[in-house]
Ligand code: GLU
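In the block that follows, a single chain appears as C-alpha cells, in the form predicted alone.
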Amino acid sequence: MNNKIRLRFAPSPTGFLHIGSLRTVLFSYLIAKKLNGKFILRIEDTDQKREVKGAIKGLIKILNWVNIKFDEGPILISQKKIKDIQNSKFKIQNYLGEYGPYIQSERLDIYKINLEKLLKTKKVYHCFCTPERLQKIREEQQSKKLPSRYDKKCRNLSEEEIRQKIKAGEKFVIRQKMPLQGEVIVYDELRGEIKFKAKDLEDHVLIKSNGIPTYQFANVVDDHLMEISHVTRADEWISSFPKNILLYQSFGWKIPKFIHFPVVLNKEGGKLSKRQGDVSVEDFKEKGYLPEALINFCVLMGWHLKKSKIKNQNVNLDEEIFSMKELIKLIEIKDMRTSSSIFDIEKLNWMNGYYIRKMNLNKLTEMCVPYLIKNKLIK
C-alpha cells in the first residue's frame, strides 16, 4: 500500500440517511478533500435481510443534494443527463473507479480467496456449534452473570475431525482466533492508545453458515484492497477495534489510520431515534431545511475551530457560519472532539433561518412553491 489518501463512506442500504451518518460522511469527505485525497462510496450489503429496496439510489440522491460528491463508487445514470440527478429516473449501471465492484454482495469471490489465506495459516477455524447449543451457552452465562461469549469448543478440532464434519453435511461458520493472553493495543487518531485484555475478546464469526462474510471480515478486506488510508466510523465500533487490528495483522497487511467519531445524542442523553422526532436527512429536506444549513450544523456537532486560527483565517467564530469550501480549508483531525454531541433543533432552526435570509429572493420563491402547493396555500 502506498501513501495515497483515500477515505470511504460504507453504509448499509437499510433505508434513509440518519443525521448522525450525515455527520460521519461529512467529516470523512472534509478530511479527504483537506488532504487532497479521494473519497469513495462503498455499499456494505452483506446483511441481505436488512436491505431496503431502492435504498442505494436514495442514498446517492440525498448525498448529491447536500453536495457531497464521490470520486469512486456506484454511479446512478439518469435517462437524461447526470446533472438531472434530482428529477430523473435512475438505475445503477456501472462504477466510477478502478477498485470496484463497490457493492459487497458483488465481491463474494474476493472474500473467498482471502479467507483461504487465513485458513492455510490457521488464523481462523471452523465452528460447527448449532444455534441451539450457542443459545444454551448464552443462557447459562447470563444466569451466572458472566459476559456472553463463545466458549471456543471448536477451536482445536483436528483436520480429520473438520473433514468428517464437513463430509457429514454439518453446517459451520468461520471464527477468528483471538489471542488467549496479554493485551491488544490499538491506536485511534483522536484518543491515542487504547488497551484491551485478550481474555475479554471473543472468537467472533467472520463467515456465516451461508458463506456470506460478516461486516468484520468484509470491511477489512475491502479497506485493504481499496487502499483506504483512514477508516472513519462511529465510536460504537471501538469494542471491535482490536478484532479489526488483529485481522490486519493475520493477513500481514498495513493498518490504516482509524478515527472514531462520538455519537450524536438527544437532549435527554440517549441515542437519536424516530420516536423523538425527525432523524433522517430526507425528513429535514421534506420540511424545507436547506442543505447548507444541515452541513453547517452537523460539522459543529464534533468539531470546533481553535481560537488561534481565527485571526489567521479571518473567521468570525461568533457566527459559526462556514461554507463547504471554508470547512475543507479549516478542518483538522486534531480539532475534532471525542465527547458526544447533543442534537439541538433550535440551533438548526436558527442556522436554517440564516441561510434562508441570505438566499436570492427569486430562488427562495421558486423553492417555496412546492411546499405552498403541498399545504394547499396556493394552487
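Start at 1 with the first residue shown and count on from there. Predicted model only: the values in this text are computed from it and were never measured.
Another form, the form predicted together with the ligand, is not on view; read the next lines as being about it.
Judged by heavy atoms within 4.5 Å of the ligand in the model of the complex, the contact stretch among the candidates 122 to 130, 139 to 147, 232 to 240, 290 to 298 is 232 to 240. Proximity to the ligand in the model of the complex, defined as a heavy atom within 4.5 Å, holds among Tyr215, Phe172, Tyr187, Trp253 only for Tyr215. Within this chain, Pro11 lines the site of the ligand in the model of the complex, having a heavy atom no more than 4.5 Å away. Remark: Asn219 counts among the residues lining the ligand in the model of the complex, judged by a heavy atom distance of 4.5 Å or less.
Contact annotation for 43 to 64: a single residue, Glu44, has a non-hydrogen atom within 4.5 angstroms of the ligand in the model of the complex.
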